[in-house]
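Encoded as structure tokens, the following chain is the form predicted on its own, with no partner shown.
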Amino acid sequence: MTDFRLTDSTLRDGSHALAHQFTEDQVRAIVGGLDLAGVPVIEVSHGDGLGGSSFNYGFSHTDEKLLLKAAVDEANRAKIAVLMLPGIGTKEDLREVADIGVQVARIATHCTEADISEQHIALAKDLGMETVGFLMMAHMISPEELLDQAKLMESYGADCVYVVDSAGAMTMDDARERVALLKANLESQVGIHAHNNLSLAVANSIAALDEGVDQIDGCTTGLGAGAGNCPTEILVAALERSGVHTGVDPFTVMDVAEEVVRPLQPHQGVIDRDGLLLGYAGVYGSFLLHAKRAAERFGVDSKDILLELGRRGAVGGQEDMIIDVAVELERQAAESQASA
């Protein structure tokens, strides 16, 4: 028996790093490899969840329903999961993916907005799906406030509630405190989803495991938003070396990471200045590519954009704020030059 359940999110969170351009062949190759390695849950969706393909978040190369059909077809043992943010995805999206054969619905909200998940969690349960509550940007509120939100998701029927470090801003103490408090006060399972902006994703996941976390997320090669996620293959190897049985073959998952996923984004996993700034400023990971593009377009420094977004407390779904900040910085620079 394993000590926790692993979910690989390469084909959802990793979509951010590839501007949502996954193809059906790539999905088949990744799902087939991860399934062979013994990964029990594989998440497949647009980076911003069901219905995310749009002008605001970035258009997908291939309709996610087609990608999900391919994933379900390739998975012999693994459960296929989706992410959905109420307001981006709809209840009809949930019904359609349930018909495709998706078995796990992960319903995500900002960490203070669990109340908007009630209808979607209830529907997923009615559809016979395992249901996970996903509390994003969990570093922004205290552990006690996070517990209150987690209790709401549990009351709606969530089988598991996740501490989600969307900005990669948590330290090991942050992860421990939040997981420990949820474990002590919830009847549902508790999960952790770590990003690597401070190079702590594996450490935070292991710290959470020390506190009894039931589910952990990873992405092969760390492919994900911002500076990337907890690398699945590194997490598995580190835990197996520590005597923790993961249920995943470390060598097979290494092969998937190196031979299938890494060629898609050879430089993923390098924590550059902007990726580090996301974690330092506590900015949502999916903002990174948008901020870089805005910096180039308006001739400003991406560092200044990210720091200002952090100061304003920007949250997921406020991508339009990136342009506002860039325009303001451009105006300030022009005024400064004019007065010099």
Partner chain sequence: MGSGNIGTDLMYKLLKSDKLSVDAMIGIDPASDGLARARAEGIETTHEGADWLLERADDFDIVFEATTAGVHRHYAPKYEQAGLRAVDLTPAKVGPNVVPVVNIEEAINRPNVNMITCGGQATVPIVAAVNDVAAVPYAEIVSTVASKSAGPGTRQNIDEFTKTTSRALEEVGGATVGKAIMILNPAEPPIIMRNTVFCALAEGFDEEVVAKSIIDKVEQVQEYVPGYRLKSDPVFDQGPYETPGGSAPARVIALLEVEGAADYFPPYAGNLDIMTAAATKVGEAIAAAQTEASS
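All values reported here derive from a predicted model rather than from experimental measurement. Positions refer to the first chain, counted from 1.
There is another form of this protein, the form predicted together with the partner chain, and it is not shown here; the text below is about that form.
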All three of Asp115, His120 and Ala314 touching the partner chain in the predicted bound form at 4.5 Å, heavy atom to heavy atom? yes
So, Thr62 and the partner chain: in the predicted bound form, are they within 4.5 Å at any heavy atom pair? no
So, Pro250 and the partner chain: in the predicted bound form, are they within 4.5 Å at any heavy atom pair? no
If you check in the predicted bound form, is Gly191 within 4.5 Å of the partner chain, heavy atoms only? no
Is Val327 close to the partner chain in the predicted bound form, meaning a heavy atom pair under 4.5 Å apart or at it? yes
Stretch from 87 to 95, 127 to 135, 173 to 181, 199 to 207 whose residues place a heavy atom within 4.5 Å of the partner chain in the predicted bound form: 87 to 95
Which of the residues spanning 42 to 75 lie within 4.5 Å of the partner chain in the predicted bound form, based on heavy atoms? Gly51, Ser53, Ser54, Phe55, Asn56, Tyr57, Phe59
